[in-house]
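One chain comes next, on its own, written out as structure tokens in the form predicted on its own.
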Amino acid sequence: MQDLKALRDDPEAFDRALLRRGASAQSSELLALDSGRRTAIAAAETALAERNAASKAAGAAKGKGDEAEFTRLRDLVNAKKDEIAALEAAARDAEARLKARLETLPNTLLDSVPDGPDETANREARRWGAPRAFDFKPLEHFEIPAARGLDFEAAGRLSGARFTILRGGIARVQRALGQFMLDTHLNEHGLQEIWSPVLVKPETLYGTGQLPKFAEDSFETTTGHWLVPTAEVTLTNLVAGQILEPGVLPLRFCALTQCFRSEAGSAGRDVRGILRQHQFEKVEMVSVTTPEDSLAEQARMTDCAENILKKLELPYRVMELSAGDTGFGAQRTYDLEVWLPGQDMFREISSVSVCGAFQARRMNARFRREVEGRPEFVHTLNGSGLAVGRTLIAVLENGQQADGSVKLPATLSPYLGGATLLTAEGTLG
């Protein structure tokens, strides 16, 4: 949620921030709504004070036996009661209209974010590893013989398009990847593992910014619950409505969950293979920090995600997203893009975003610096550590051999009973 005080203090800066996002200037309309709301509240408070004074005076007139004055004041009290109700209703209406406008506006970007309309303006920060030189034409993941355990036909019969069944060895490799990521984050990066629901209330999705603006991107059930598009939703909302005591921050969480996305805005994109699915697994990282520590925390979280890729020996690059490509709730985002030789290109495998107080305002999540200190909004961050299915794609494509097998990263061997190969028959060896 945008900061209303910042809007009042510097409406021109507010509009400039929206223009960087490709949105129109809106400060004048928002300030008009805010002014109407504040005027109605002030008028209601004045009318309430007048009603209370008239009520007190009516009691005094009654005590003196002045029936005429008592009747006049009683009628005034009743009139003020109706006036107050009307003014309070007007204030609520203005508040609702202002809130409805503010909750659909994107976060304010950091000054360091590159200007630009889309991904073409993204800026490369660094890269690691060199793409492997193949002595044969590398295949896409779904074409590799070792990946025969990807059963799209059976999944289609059960669930339709953009679902996959994994059989045999490839299912074990996916499970190993998720466990390896979790263990690394817990043992080396100091994150706390969380097991959380994948069905949440609408207000939970509202807290992290998926609702109301992006409702079509998620699945709603007939009970009013929503399936989470990412564990960012549950992990971040662990502090919703809370005032955290001094010394608690930073909080660092991670979870391996199923995620569900309708992919409403991506019709026709990446329909082959498992790159873009309705249901997938992801290890999510979430940090909750003080405002002064949030930028350093983004760098730390990015390092955590990079460490996973390094251990898996997967070449990647880190991209700072441009203004037009940065997500709704983020102040700044770093994308990790892994090299996929079958596609001969880098593809996004993790996004690490700092959100500032944007989500905290929606969730009313605050902290105290001192025991009796004034509560302040926390800063929140989220990042993939990593998307398991996309990591599986990268492992398959980068490790593929001329005979149709896949050489697996050594770091996965302990999770696969010592296996180092996914054979062309789809078994572990």
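The first residue of the sequence shown is number 1, and the count goes up from there. Just so we're on the same page, rigid core means the largest C-alpha set that superposes within 1.5 Å between forms. Values in this document were obtained by computation on a predicted structure and should not be read as measured data.
Here the subject shifts to the form predicted together with the RNA, a form of this protein not shown in this document.
Between 394 to 402, 35 to 43, 379 to 387, 22 to 30, the stretch whose residues reach within 4.5 angstroms of the RNA in the predicted complex through a non-hydrogen atom is 35 to 43. Residue 78 is the only one of 159, 307, 104, 78 with a heavy atom lying within 4.5 Å of the RNA in the predicted complex. Proximity of 8, 55 and 201 to the RNA in the predicted complex is complete: all three residues have a non-hydrogen atom within 4.5 angstroms. Using a 4.5 angstroms threshold between heavy atoms, residue 371 counts as touching the RNA in the predicted complex. Although the partner is absent from this view, residue 132 stays clear of the RNA in the predicted complex, with no non-hydrogen atom inside 4.5 angstroms. The closest non-hydrogen atom of residue 51 lies within 4.5 Å of the RNA in the predicted complex.
Put simply, residue 361 is far from the RNA in the predicted complex: not one heavy atom of it is within 4.5 Å.
Contact residues in stretch 104 to 137 (any heavy atom within 4.5 Å of the RNA, taken in the predicted complex) are absent; none meets the cut-off. Put the two forms on the same core and the Cα of residue 80 is off by 2 Å or more between the shown form and the other one. Relative to the superposed core, residue 403 shifts its CA atom by less than 2 Å between the shown form and the other one.
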